[in-house]
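Given as C-alpha cells, the chain that follows is alone and in the form predicted alone.
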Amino acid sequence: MNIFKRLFKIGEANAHSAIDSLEDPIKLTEQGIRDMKKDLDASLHSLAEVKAMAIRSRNEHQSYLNKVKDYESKAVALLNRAERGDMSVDEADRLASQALVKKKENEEHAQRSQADRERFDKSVAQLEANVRELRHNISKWENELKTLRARVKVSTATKKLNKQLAQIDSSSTVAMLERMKDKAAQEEALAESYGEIANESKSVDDEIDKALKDSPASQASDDLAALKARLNRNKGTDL
C-alpha cells in the first residue's frame, strides 16, 4: 500500500512539475517498480506456500472421508458376519463399535480439514487478487515510465535545439554583420574627420598657389611657354 501511495504522489508531483525536473520522477518510478516486483516475488512465494497447504488439506479431507466410508463399511461387514453366524454377536458388536469410533474420529478430522481447506482457499483467492493487482500496477507504471522517458528525450532535444537557436541569436552571422557595418561606418567617419583636419591645416600661401594654378589664364600661359620651348628645340635640331 505504501508503494501505491508513493507512486500516486510521484504521479501527482509529476503532473505539476516542469519538464526539466522529469529525471527525478523517472528514477523514483524505476525504484517504485523495483519495489513492486520484489513485493510480487514475495506474494508469489506466499501464494505457492498457501496453495500447497490448501492442496494438502484437500487431500487430507478426501482421505478422511474415505476412511469414514471404510470404517462404516467395516462395521456393517462385522454385523453381517455375526448375523450369518460367522462370528459371535458380542465380538462383532465390540469390533463394530470400535470401527464406528474410528469413523467418528475421521469425521471430525474431515470437518477440521474441510475448515482448513476453506480457510486456505480464501487466502489463496486473496493472494491471487493481490498478485493480479501488483502485475497490473507494474504493467501500468512500466508504460508510464516509457512515456516519461520519451518526454525526457523530447524535452532534452527541444532544450538543446532552443539553446542552439538562442546562441545563434546572440552571436550569429547577422549580429556579426551588424557589428561590421558599425565598424565600417566608424572608419568612414574617421577618414572624413582626418580629411577635414588636413584641409584646415593648409596655409594661406598654399591656398593662393592652388587658386592661381587652377586658373585658366595661368594654365594658358604655361602651355604657351611650353610650346615656345619645344619650337626652340626643334630649330636647334634642324641646324
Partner chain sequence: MGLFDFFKKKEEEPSYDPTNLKLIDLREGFILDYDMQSWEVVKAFEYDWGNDYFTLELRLDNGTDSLHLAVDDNDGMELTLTKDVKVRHLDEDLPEYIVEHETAPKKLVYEGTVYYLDEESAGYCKEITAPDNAWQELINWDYYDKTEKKHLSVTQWGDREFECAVGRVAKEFEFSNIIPGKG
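Residue numbers count along the first chain shown, from 1. Predicted model, so just to flag it, every value in this text is computed and none were measured.
Absent from the display: the form predicted together with the partner chain. The rest refers to it.
Remark: R58 counts among the residues lining the partner chain in the model of the complex, judged by a heavy atom distance of 4.5 Å or less. Heavy atoms of A48 reach within 4.5 Å of the partner chain in the model of the complex, making it an interface residue.
The shortest heavy atom separation between E128 and the partner chain in the model of the complex is within 4.5 Å. In the model of the complex, none of the heavy atoms of A77 sits within 4.5 Å of a heavy atom of the partner chain. Proximity to the partner chain in the model of the complex, taken as heavy atoms within 4.5 Å, picks out 130 to 138 from the listed stretches 130 to 138, 95 to 103, 108 to 116, 157 to 165. Scanning E192, E178, D209, D41 against the partner chain in the model of the complex with a 4.5 Å heavy atom cut-off leaves one residue, D41.
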